[in-house]
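A lone chain, given as structure tokens: the form predicted on its own.
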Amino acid sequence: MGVDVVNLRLSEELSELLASIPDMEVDEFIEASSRPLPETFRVNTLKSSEDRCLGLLMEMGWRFERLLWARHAYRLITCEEGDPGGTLAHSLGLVYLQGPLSMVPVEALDPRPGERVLDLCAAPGSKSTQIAQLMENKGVLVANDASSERIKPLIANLQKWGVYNCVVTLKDGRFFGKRTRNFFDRVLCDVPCSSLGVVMKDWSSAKTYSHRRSERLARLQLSLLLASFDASSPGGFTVYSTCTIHPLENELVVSELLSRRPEAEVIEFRLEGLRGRRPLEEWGRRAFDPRVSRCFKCYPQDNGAEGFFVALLRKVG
């Protein structure tokens, strides 16, 4: 079921925000946010070959097509078993149900077998299982979260996915910037955000939006990004990502990182079949570092899916 469009339009502060974003098509955003997300999934190549998994799914009555921008990923067309989340394939960890744009940050990070990788805000495990899969269970993955409640489904999903190269930690993410400085080859910093790019999943994030909350989140996000970047090794990579459309939590955070860490560079990346748009150069009387234009940004109306912001950063050295 999609978003309650009436309730979405009643959010006064969100309406003001949308009107203030120069490249935002408000009607198109509301229409895209009122539609349900496409059902997409990854097949688990840690447990079996991709062809065998796909063959089993077809025998179970799944029909699907390949998702172009993510490895081992598919868009579900039909499932004769009904809800795919209640199927045997899902229970056995042969598939992971994940939003189509949610797969982009890990594709940008591009983890490799044998590396040391940190997922700073890992729960409930969508991206950690994706990282471990691309690492082929080789190397070390540290999956961290600050919430003792959220870490429970993280552990369950890692176990169900067959991940055994992973250490799960319960820490404030800022810990890693101080205690593991220059250690990780790659770091994923998928931060808590205002979730304005995924209101089709839960319209309460639009109804309860407040600018003050985004300001608080932006301060937290910057501190987590600084810690992530500091934890990456010279020559290593950090991906910063959010599922919001807010310039305060996206362009501004990356711009602040660039001003505080001169050894940071932004790497431009593009993924096949994915529509994006140029990040803003300024917003709300704030001018952003021009290198922010190399980040990836999309709104829900661009791909008929989530709105996401992804920055691929490299530590020069």
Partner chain sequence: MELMDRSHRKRVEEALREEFGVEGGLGEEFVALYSSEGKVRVTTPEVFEVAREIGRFESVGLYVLKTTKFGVYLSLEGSQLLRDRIRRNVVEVDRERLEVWMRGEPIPLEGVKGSVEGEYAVVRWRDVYAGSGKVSKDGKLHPQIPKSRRLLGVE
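Residue numbers count along the first chain shown, from 1. Just so it is clear, the model here is predicted, and its values are computed rather than measured.
Keep in mind the form predicted in complex with its partner chain is missing from the figure; the text below concerns it.
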Could you confirm whether residue 174 comes within 4.5 Å of its partner chain in the predicted complex, counting heavy atoms only? no
Interface membership of residue 183, its partner chain in the predicted complex, 4.5 Å heavy atom rule: yes
Would residue 212 show up as a contact with its partner chain in the predicted complex if we use heavy atoms at 4.5 Å? no
Verify the contact flag for residue 92: yes if a non-hydrogen atom of it lies within 4.5 Å of a non-hydrogen atom of its partner chain in the predicted complex, no if not. yes
Spot the stretch among 220-228, 120-128, 161-169, 192-200 with residues whose non-hydrogen atoms come within 4.5 Å of its partner chain in the predicted complex. 161-169
Can you work out whether its partner chain is within 4.5 angstroms of a heavy atom in all three of 60, 88 and 140 in the predicted complex? yes
Only one of 66, 52, 277, 260 comes within 4.5 Å of its partner chain in the predicted complex by heavy atoms, so just point that one out. 52
None of 134, 97, 155, 146 but one has a heavy atom within 4.5 Å of its partner chain in the predicted complex; the exception is 155
Mind listing which residues of 37-52 have a heavy atom within 4.5 Å of its partner chain in the predicted complex? 47, 48, 52
